[in-house]
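What follows is a single chain, given as structure tokens, in the form predicted alone.
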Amino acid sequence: MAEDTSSHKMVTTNHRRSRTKFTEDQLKILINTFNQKPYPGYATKQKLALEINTEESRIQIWFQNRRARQRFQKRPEPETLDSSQIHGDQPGVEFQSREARRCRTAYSTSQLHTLIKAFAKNPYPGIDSREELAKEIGVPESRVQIWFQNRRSRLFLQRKREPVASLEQEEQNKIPEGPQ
């Protein structure tokens, strides 16, 4: 925490996670796996994490970044797009089955209360805050990060819908004006 000397308030600083740096051997393993299967299942990512001695969440991010880089490098000219590319179909990409996915994280009432309270204080916590929260509620930091992303997304959608709902409410409350 850093102190703001002008207003004497305590301000928390948002620290970013330091960049994960893979060794040449680790990268060879990751690239080889990526070339075989660009969308690995949870079990594959867990196995890779053990093999190269890192967290599964770092493996997941590496694959996401690699796929994004590959899409960017292989992006065709706009005139050469065919209908399958326009609709987002990717030939040869198999989507993960339910068994290959991570189990859904179920939060207890007390865990949710802690997360909601933390979200109210700061919807964009830094790595330090997320790690502290994760330790407090007993889940991996990567799950806390995803919970905050999902919560921000839900809040954004709710705020986006509010003006429409308030306009509809006003329309319903209007008394039709007729001859009196």
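One rule holds for the numbers: they count along the sequence shown, beginning at 1. Here the structure is a predicted model, which means the values were calculated and not measured.
Below: the form predicted in complex with the DNA, not depicted.
Using a 4.5 Å cutoff between non-hydrogen atoms, Ile61 counts as a contact of the DNA in the model of the complex. Proximity of Gln145 to the DNA in the model of the complex: non-hydrogen atoms within 4.5 Å are present. At a distance threshold of 4.5 angstroms between non-hydrogen atoms, Lys74 is out of contact with the DNA in the model of the complex. Within 4.5 Å of some heavy atom of the DNA in the model of the complex lies at least one heavy atom of Arg16.
The partner is absent here, but in the model of the complex a heavy atom of Arg67, alone among Lys37, Lys28, Arg67, Lys47, sits within 4.5 Å of the DNA.
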